[in-house]
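Next up: a single chain in structure tokens, the form predicted on its own.
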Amino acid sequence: MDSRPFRSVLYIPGSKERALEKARGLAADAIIFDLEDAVAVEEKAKARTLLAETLASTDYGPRAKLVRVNGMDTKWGRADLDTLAAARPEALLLPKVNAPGDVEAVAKILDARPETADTSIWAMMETPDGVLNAGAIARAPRMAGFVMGTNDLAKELGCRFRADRLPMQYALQTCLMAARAAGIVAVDGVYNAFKDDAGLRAECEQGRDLGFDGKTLIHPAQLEIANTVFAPDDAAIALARRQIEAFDAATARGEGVAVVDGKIVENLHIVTARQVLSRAEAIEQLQKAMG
């Protein structure tokens, strides 16, 4: 997995022309152009065509661009693939992935199309079967990322929404573990109360502390908090630099460990420190590219 930022992953309805245009100027690391939940049944065909045309003609800059298609078990899924293929999508996000076979079936379709040679696949992890099969799904063909679908998963589990998300912890950690083992991205689920900044910040901090790369968002007002929480702050960057400097000095003296702020620093801490600096640099480069 590279250091490309996925701090903020914003859902944009594929049926809303104004929203598609506005997305070009938003400070999102990634955009999910949604043809599934955000589009009414009677708008599915129109949205599919609009999105294909928009992606083929619009520059969204360095942001990661994912298209959430309808499930292949619906009457819209295959048509989404056929129509969007010409737009050479960067990634397709598959809803309600239950098993690696769901990914393999779509990968075979993409393999048969030269225009989608570089299109990756992401999976919505939002069903009990999906969570239980997370390890195999993460290693399926073309897989590049997991998106936690916590709303659908809560419905399937029959669990209550709690600020600490205790009922969701097994699913979150299982999918994160599978993603890390396979070297793919893992993005946390949405926070529904988009006007509750304190609640959003707390849930972003929990997701960050668990190890997620970022958070999916339902409103542009949530971008700043997610971008801030999931980025290394000045203190973390300074500590990483001091750890590397101290460890390099210890190594030069023939020692295997260093001490920084009264704590032992070993090689494994240096790996993490370099990841922090790499992530900070990648975020800075992305922000410069977006202007």
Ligand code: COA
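None of the values given here were measured: they were computed from a predicted structure. Position 1 is the first residue in the sequence shown; the rest follow in order.
There is also a form predicted together with the ligand; it is not shown, and the following applies to it.
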{"item": "Distance check, His219 to the ligand in the predicted complex, heavy atom within 4.5 Å", "value": "yes"}
{"item": "Exercise: Arg68 in contact with the ligand in the predicted complex, heavy atom 4.5 Å", "value": "yes"}
{"item": "Contact label in the predicted complex: Ala38 to the ligand, heavy atom within 4.5 Å", "value": "yes"}
{"item": "Partner proximity in the predicted complex: Leu26 to the ligand, non-hydrogen atom cutoff 4.5 Å", "value": "yes"}
{"item": "Within 4.5 Å of the ligand in the predicted complex, all of Ile12, Lys16 and Asp34 (non-hydrogen atom)", "value": "yes"}
{"item": "The ligand: the contacting residue among Ala178, Ala87, Ala107, Val190 in the predicted complex [heavy atom, 4.5 Å]", "value": "Val190"}
{"item": "Stretch from 26 to 34, 50 to 58, 256 to 264, 232 to 240 whose residues place a heavy atom within 4.5 Å of the ligand in the predicted complex", "value": "26 to 34"}
